[in-house]
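One chain comes next, on its own, written as structure tokens: the form predicted on its own.
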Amino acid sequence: MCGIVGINSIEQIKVTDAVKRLKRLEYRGYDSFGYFDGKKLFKKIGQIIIPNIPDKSSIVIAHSRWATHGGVTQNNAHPHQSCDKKITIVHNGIIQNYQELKKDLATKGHSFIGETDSEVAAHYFEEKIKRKNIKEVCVDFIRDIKGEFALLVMIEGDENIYALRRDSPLVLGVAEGQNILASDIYAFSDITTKAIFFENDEFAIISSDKYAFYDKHGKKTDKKIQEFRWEQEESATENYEHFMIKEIMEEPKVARRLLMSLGAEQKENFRKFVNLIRDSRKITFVGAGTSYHASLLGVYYLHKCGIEAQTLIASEFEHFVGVDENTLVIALSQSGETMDVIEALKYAKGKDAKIASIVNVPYSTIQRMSEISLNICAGQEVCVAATKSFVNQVTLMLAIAKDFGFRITLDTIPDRIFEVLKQEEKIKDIAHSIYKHRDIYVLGRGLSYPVAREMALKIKEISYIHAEGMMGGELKHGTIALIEKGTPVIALISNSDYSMLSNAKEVEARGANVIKITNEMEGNIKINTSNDGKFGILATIVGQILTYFMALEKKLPIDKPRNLAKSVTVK
């Protein structure tokens, strides 16, 4: 989940330019950051701050950390160096056997200043390079290390950066006069559309004007430059206080962009995707977090069309689903690098299942694992909370369901979203009335159940309020015992759902402060949509705005909530 950047340039660059590239990846982790420019090692706890320095260098590696092994301390921040300071590394991933390696290195005289698994890599290279050349050491590292890594290595007196990858994302951007290594293309997508993607157990030697890739045996491999297209919004908040509200306000635009794409450049792929669903005996979605909730809506829509489908949370996929050669597994992931989803796909591939995906980042690992993939065209999300990517995932699900007979007018989605956004002040007032509460419950049925789950997730991760999204029918099987006078309960009532209305009355009778979000009945927030599935998108957007204003009232770090990162690339 950490962000790494490495630049090797023909001409010297400002070190601050490298840090700015790292800043573009800060959503991957912001516990601490650091850089090494061949002379100066800098590390700091906290979010990335562009230093006011004149320093220049032709070679820089940098890192933004999301802590896994070891606390948030300066010693645990990257880059890490060997005992003799001649080896400097940055690492994303988890070295599972680091304790055994550390113990062995300690017996050989190596001392460690931090608690991280990553520091072991610097000492490993220091020890091995005494007896072997660097290519041999890279081969040994890939053989000896258990776990995941995207690793950049600098060696004193050596003008190359050495890059190694297994399961953690790593890409080389080929730009004019420089080569840029990074965790994903957004680090350099503003200056080049040319990239080379590392496969598992590959390493590369990167100089300022050339590169060479090798497999795990040290055999040179041919790699093709990929021309990528990346829909991205400006990385500034513009007139908005936070990226989260800016990205929510972009939702009509990105939904319209996706719909246009499905009728143009993605038209052929969309047709193949739908046919693959039609030709498969079993359909199983897989996702994590917000993407899982989007897949729940997708299953609902397909079920209404008579298509049998199911969805599983990625981290538990292999424990609760059976797949075979007649199964189509459809992965949903904003980043395309979610480790739990990747592991689920590996399991499915091992059972000969077919793989398709719905992602936001082109040439991501999940897209490259798939037989066919559709892009949601949401553009870059800087805020950790997924907002516009969820909207486009569900819009795409509706487009797929429409092909199977689901009654939906897709073209009006952007306008209906805009109408929800115009209720911002009303939603803000509700946020002001409930933000001080410790617990919030969100109830849904059928179409609105996935919405309840997603709304509760947003409240938890951004507002730091315990929230439970649940099926309205399960309320009286335990949870209703927690309802007290004044407890906020958000009731999502789509269409004339009298069962859901009854659930709202049940908690209201016990003193709950019930907030109704409806499209046909009377409610606190009224959504303009008929019985065509749009409620799944529009009610969620109400939850996004509500969450934003609750967090704003609490003066929380909305775009970078504690303990979280945008791209979850570890298990």
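All residue numbers are counted from 1 along the displayed sequence. Note that the structure is a prediction, hence the values are computed from the model and not measured.
From this point on, the text means the form predicted together with fructose -6-phosphate (F6R), which you will not see here.
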query: Fructose -6-phosphate (F6R) contact at Ser291 in the predicted complex, heavy atom, 4.5 Å; finding: yes
query: Partner contact for Glu461 in the predicted complex: fructose -6-phosphate (F6R), 4.5 angstroms, heavy atom; finding: yes
query: Fructose -6-phosphate (F6R) contact in the predicted complex: Ile427, any heavy atom under 4.5 Å; finding: no
query: Close approach of Ser82 to fructose -6-phosphate (F6R) in the predicted complex, 4.5 Å, heavy atom; finding: no
query: Segment that reaches fructose -6-phosphate (F6R) in the predicted complex - one of 497-505, 431-439, 163-171, 382-390, heavy atoms within 4.5 Å; finding: 382-390
query: Proximity to fructose -6-phosphate (F6R) in the predicted complex, single hit among Asn179, Thr311, Ser335, Asn76 (heavy atom within 4.5 Å); finding: Ser335
query: Sole residue of Leu457, Leu302, Ile245, Met154 within 4.5 Å of fructose -6-phosphate (F6R) in the predicted complex, by heavy atom; finding: Leu457
